[in-house]
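In the block that follows, a single chain appears as structure tokens, in the form predicted alone.
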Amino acid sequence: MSLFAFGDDDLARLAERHGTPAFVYSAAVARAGLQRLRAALPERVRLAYAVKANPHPDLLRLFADLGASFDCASEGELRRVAGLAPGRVFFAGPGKRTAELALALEQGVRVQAEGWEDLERLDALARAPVAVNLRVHPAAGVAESNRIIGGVGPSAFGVDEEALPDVLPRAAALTHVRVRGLHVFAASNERDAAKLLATHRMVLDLGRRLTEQHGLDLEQIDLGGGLGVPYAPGEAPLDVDALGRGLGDLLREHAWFRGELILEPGRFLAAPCGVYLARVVRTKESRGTRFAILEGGVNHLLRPLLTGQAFPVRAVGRAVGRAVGRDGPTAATTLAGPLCTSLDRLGTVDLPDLRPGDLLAFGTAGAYGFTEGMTHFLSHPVPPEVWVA
């Protein structure tokens, strides 16, 4: 899997044409990623793209045309996908407002209920029978390689598994709402297919217990997302063929379940198609540290601050008549942004000698980039998003 969706020549041309800083996205890479994943998975696995990863309208339209469903987590995301995939939209999130639940019912969206409050309000809003999925926070889980979801301790998400004997009988007595699905999200950016499959096995085992103990009739089991991507050279990509074979084995093993499984890939589909471009404004040495100050920072790429992991980055093209490339000596360079805070850092990476005007490309930036950044902080100009079809 390439960490950069475009070659250097294309990136240099895009920077000249559209200016910097900017995000650029490749439709070809996004299309190939979805088709590759779809081909590797059993037919009974539905792909619901997690809109939070990147809600760019052209990306959403592309995925809708390829048959994807959508996982939304706000009213804004519901409105972004309205009309694109009728009957193929899910609505998740721990703090749904009543107006958002009403909109979901109006649009025919399948709600992932987080708890009794969602179930009760949906029942009051509905005027006809409505099937919902219930998010459950399991009592046991599988260790994540990247612990972002939060493990099996206290959680703001879903119904604790031990609370289900209280919640499910009350849900069964509701007038309109029927729990017909299970939703468990227990991994984030996991590139080990075996760990993902261990989590999926745990979810299917949970579904079987709930069916046996509470008589649930499960049409869907949503396994959540968590399909990971590499962020550094040498990191192995997720083996989607192994994931597909494993899910097929789990479906055969759990013959009691005749419904469909749902996966919510967001980062996996969007990250590889995007590159962030920014130029060097100035460089300096400070007490043994080499800095390059860029025209964009955590206002555009917040992930390095949140996770401590830099995006893959390389110098591109030519600047002031001087070739800039990956050949020749490199040195550790701390990448700082233009914000008035020492938190504005995009990582420390090995780069060639940089000068003002040099162009840097940050790969794997198609997910949790533009819409996760603090684009209004200090009122810097908002970077354009360029869709390359």
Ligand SMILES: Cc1ncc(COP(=O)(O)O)c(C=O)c1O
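Note that the structure is a prediction, hence the values are computed from the model and not measured. From 1 onward, residues are counted along the sequence shown.
Omitted from view is the form predicted together with the named molecule, to which the following refers.
Taking non-hydrogen atoms only, H56 never approaches the named molecule to within 4.5 angstroms in the model of the complex. Though the partner is left out of this view, L227 does reach within 4.5 Å of the named molecule in the model of the complex, counting heavy atoms only.
Although the partner is absent here, Y25 lies well away from the named molecule in the model of the complex, with no heavy atom inside 4.5 Å.
Under a 4.5 angstroms non-hydrogen atom cutoff, the named molecule in the model of the complex lacks V159 among its neighbouring residues. Interface residue among H183, R110, K96, R303, judged by heavy atoms within 4.5 Å of the named molecule in the model of the complex: H183. Taking P138, G317, G266, G115 one by one, only a single residue has any non-hydrogen atom within 4.5 Å of the named molecule in the model of the complex, and it is G266. Partner proximity in the model of the complex, defined as non-hydrogen atoms within 4.5 angstroms of the named molecule, places exactly one of 332 to 340, 30 to 38, 345 to 353, 46 to 54 at the interface: 46 to 54. In the model of the complex, A92 is the single residue of 80 to 117 with at least one heavy atom within 4.5 Å of the named molecule.
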